[in-house]
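To begin, one chain is listed below as C-alpha cells, in the form predicted on its own.
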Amino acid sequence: MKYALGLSAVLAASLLVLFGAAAAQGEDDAQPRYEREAPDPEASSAMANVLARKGEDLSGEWRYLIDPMRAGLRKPSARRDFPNDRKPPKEELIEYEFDSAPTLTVPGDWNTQVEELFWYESVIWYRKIIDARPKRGKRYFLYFEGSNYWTEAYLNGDSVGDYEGGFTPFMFEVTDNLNRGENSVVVAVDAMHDAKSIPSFYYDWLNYGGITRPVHLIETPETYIHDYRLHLEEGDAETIVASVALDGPSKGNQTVSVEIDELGLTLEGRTNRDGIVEMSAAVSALTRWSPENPKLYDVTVSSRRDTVKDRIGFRTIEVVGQDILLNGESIFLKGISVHEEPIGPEGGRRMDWEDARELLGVAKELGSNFVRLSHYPHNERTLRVADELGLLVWSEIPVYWEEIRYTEPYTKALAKRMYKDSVNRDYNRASVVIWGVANETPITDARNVFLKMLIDHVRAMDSTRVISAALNKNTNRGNTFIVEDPLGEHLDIISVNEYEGWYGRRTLDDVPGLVWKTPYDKPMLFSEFGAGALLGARGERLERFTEEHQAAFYDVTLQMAEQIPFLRGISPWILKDFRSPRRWHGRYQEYWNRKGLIAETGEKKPAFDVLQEWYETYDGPASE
C-alpha cells in the first residue's frame, strides 16, 4: 500500500493527532501520561535471552480500540473500562466492545497496517484472549520485546506494570494474575512523546506506534537464570569471564555452571546471597570472533532447575592512541548507518529474522564490516544476525538533537534506565563494540553534565566496549574544521556527522580540500555523511536529488576522508531510504528521507557502487 493519503484520510488522521495532542496539554504540557514517577535506573531489567526461553509467543491478531483523547487513562469509568474487558448485563450501558473491534497484527506498527492511522500518535488499546495452564512451582512473565512509546499492561483487569521507551525490552510478572483457562490481556500503548521523553518532540524518523516487537508469556522455575554475561579478557593468557544472576526465593548459595563443550570448558561456582556468581578460566585454542571469521560458540548456562542456551562470540575491542584495535589489531571501520525498517515499499517497524538478514546482507554486499544502528536499540534479531554475519555494531539510545531536557531529573533517570536495559539485552553480542550516547546535541553546560553522567553510567555497566557520540562539526576556520567538543575528553572515539556539499554553502568542488583537526589524540569516525537522491532521478552532477549528485557527493567526500590521518572509519547516512515526516518535498521525498544508497524497495543507486568500490580498495591510513 502506498501511503500518499487521500484528503479524507489525511483529515481523519490529522484530527486524531490533534485530539491526542490536545489531551496531552494542560498546566504542564510535558506530562501526557498521568502522575508519572521517574523510572528507577537500578531496577531489574528484563531477563536475558528471551528467544531461548520456554513460553508462548503471543504474536498474531489482537483486537484494538482507538482512544485519541486518552479517555481510558484520564477518566476511567464503567462505560469505558477497557482494562477489565467487561461483558455487562444487557441493562447496563457500556460504550466499547473488544469482540467486535477490528484487529492489528502483533508484532507490527499501526501506521502501515491501517491507512487512517498512518499519522496517528496517541493511545490505542489492544486486547488478546489467551488460554493458559499455569503449573504449581512455576513463575510467569509477560515479556515485551518492544512497544512504542509508553505501555501499560493489564491481565484480567489488573494492571501488571507500565514502561516508557519504545526500543528496549520489559517484562511484568503475572504469576498471581494468570487464570487456568481463559485470560484477557489488555495493553494500552501511547505513541506520543513529550518534553521529558527520549527522544523528545523532534526527531527525523517516523514514530511508528504500537506493539512493534513480539510479546511472550514466559514460564520459568521459581528460581531462574535472570541474567548471564560472558566476555574475553587478555592477560598472560586468554581468559573467559562469566557472571550469572539468579532470581527467586532460592537464589543464594546455589551451584551454577557455564559450559562451552567445543572449548572443553566448564565454569562452576556458587551464588552469593544476592544470587550472583562470577567465574573465570583460561582457555586455549580459542577462535576469536571477527568480521572475517564470525565464530560463535554454543554456550549452556545451568542452575539447579533452569538451563539457558546461547551462541556467543569472543573478541576484544579497545582504543590505543588514534587506533581502534579489534583483537589487538588495528581496524578501519567500513560502515553504513541503518534505520530499523525492512526492505519494502511500505516501511514499518516490524523486523523478523528474514527481514534482518535481507537488510544486513545488503550491508555485507556493500563491503561493510560495521553498521551504526541508528538512532535507538534495534530488534534483538538484528543484533544476532550481525553476530552471524560478522558486522561490528554501534548501538545507541535516542538522546537526539536539542530538545532533550538535560536538567530534568525524570529525563536523566529515563536515559540511565534505557541504557541499562539495552546493555542487559545485548551484553553477550560480540558484534556490539561501540555504545553511542547521543546524536547531534548542542554544546551547553547542561548537556555536557548530562552526557558525562551517561558515559560514566555506561562504563560502570560495561567496561568491555568503547563509547562514542555523533557530534556536530564544531569550529570552522576557513577550510578547516576543528572538532573540539568538550565531550571529546570523555569519549573513546570522536565521531562527527558531516554533510558539506549537501547542507551549507559549500559546493561539491570545495569538499576535497577541506581539512580536519582535533586536539584529542583519539581516533575519529565520520558517523554520518550523505546526500539525497530519488531512485531514477537523472540530471547534472550539481543537481540535487539526482543520482548523479549523490554519486558525486560520495566521490568527493571519500577523497576528503583519505586525507585525514586520524580517521579510523565511516558510517555514511544511510543504507536504505526511510520514512520521515520532516521530508516534505512532493516531487522527490513524499515523507521519505532519500539519502539511502538503496531505495525502500531495495534497488541500488549509483552511489552504492561508488562506496562499494572504495571499500574494496581502501584500508585506512593505518595501513599506508
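Given the structure is predicted, the values throughout are model-derived calculations rather than measurements. Residues carry their position along the shown sequence, with the first being 1.
Only in words, not in the display: the form predicted in complex with a small molecule, which the text now covers.
Tell me whether E440, W573 and R583, taken together, all sit within 4.5 Å of the small molecule in the model of the complex, counting heavy atoms only.
Every listed residue reaches the small molecule in the model of the complex, so yes.
Though only this chain appears here, would Y400 touch the small molecule in the model of the complex if you measure heavy atom gaps against 4.5 Å?
Yes, Y400 lies within 4.5 Å of the small molecule in the model of the complex.
Would you check, heavy atoms only and a 4.5 Å threshold, whether R568 touches the small molecule in the model of the complex?
It does not: once the small molecule is placed as it appears in the model of the complex, R568 has no heavy atom within 4.5 Å of it.
In the model of the complex, is there a heavy atom of the small molecule that lies within 4.5 Å of any heavy atom of D227, even though the partner is absent here?
Close contact is absent here: in the model of the complex, D227 is far from the small molecule, nothing within 4.5 Å, heavy atoms only.
Does any heavy atom of F578 come within 4.5 Å of a heavy atom of the small molecule in the model of the complex?
The answer is yes: F578 has a heavy atom within 4.5 Å of the small molecule.
Spot the stretch among 593-601, 560-568, 56-64, 41-49 with residues whose non-hydrogen atoms come within 4.5 Å of the small molecule in the model of the complex.
One stretch meets the cut-off, namely 593-601.
Residue among Y499, Y410, F98, Y406 with a heavy atom within 4.5 Å of the small molecule in the model of the complex
Result of the distance check: Y499.
In the model of the complex, which of the listed residues (R213, K334, R417, H375) lies with a heavy atom within 4.5 Å of the small molecule?
Only one option qualifies, and that one is H375.
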